[in-house]
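Here we start with a single chain on its own, the form predicted on its own, put down as structure tokens.
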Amino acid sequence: MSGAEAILVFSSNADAMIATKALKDAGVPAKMIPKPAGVTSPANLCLSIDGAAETRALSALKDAGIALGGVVK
């Protein structure tokens, strides 16, 4: 089932890139996107995921030790 899009925000572009691989390894599809207007973050890159996969994504990032700056829905 598909949920609304969720945007994962990170504190650096490097974290966003590392998170892409961690999510792929966990079977969570993620698309790297430019930071949307109105989102406050030092990084210029964010990840877009299916909102239905948010719980799995957050768990995968925690297991990989990747700090998440926030989730925008």
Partner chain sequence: MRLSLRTRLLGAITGAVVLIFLCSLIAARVVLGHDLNELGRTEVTNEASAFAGYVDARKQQIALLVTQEAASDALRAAMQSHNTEQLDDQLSDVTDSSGLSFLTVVDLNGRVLGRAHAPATGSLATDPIIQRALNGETPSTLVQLTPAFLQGEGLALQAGSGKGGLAVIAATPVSDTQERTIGAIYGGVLLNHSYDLVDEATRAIGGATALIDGNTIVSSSIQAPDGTRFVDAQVPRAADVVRTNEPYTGADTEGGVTYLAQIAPISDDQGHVLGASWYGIPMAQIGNIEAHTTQALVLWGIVAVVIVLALAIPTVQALSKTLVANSRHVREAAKELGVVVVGSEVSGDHVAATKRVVERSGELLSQVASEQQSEKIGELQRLNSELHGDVTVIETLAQEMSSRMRDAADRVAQLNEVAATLNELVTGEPST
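Note that the coordinates shown come from a computational prediction; the quantities given were computed from them, not determined experimentally. Numbering follows the first chain given and starts at 1.
Missing here is the form predicted in complex with its partner chain; even so, the following discussion is about that form.
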Does its partner chain come within 4.5 Å of any heavy atom of Ala26 in the predicted complex? no
Heavy atom of Ala52 within 4.5 Å of its partner chain in the predicted complex: no
Check whether Thr40 has any heavy atom within 4.5 Å of a heavy atom of its partner chain in the predicted complex, and answer yes or no. no
Interface membership of Ala14, its partner chain in the predicted complex, 4.5 Å heavy atom rule: yes
For the heavy atom contacts within 4.5 Å of its partner chain in the predicted complex, list the residues of 26 to 40 involved, in sequence order. Lys31, Met32, Ile33, Pro34
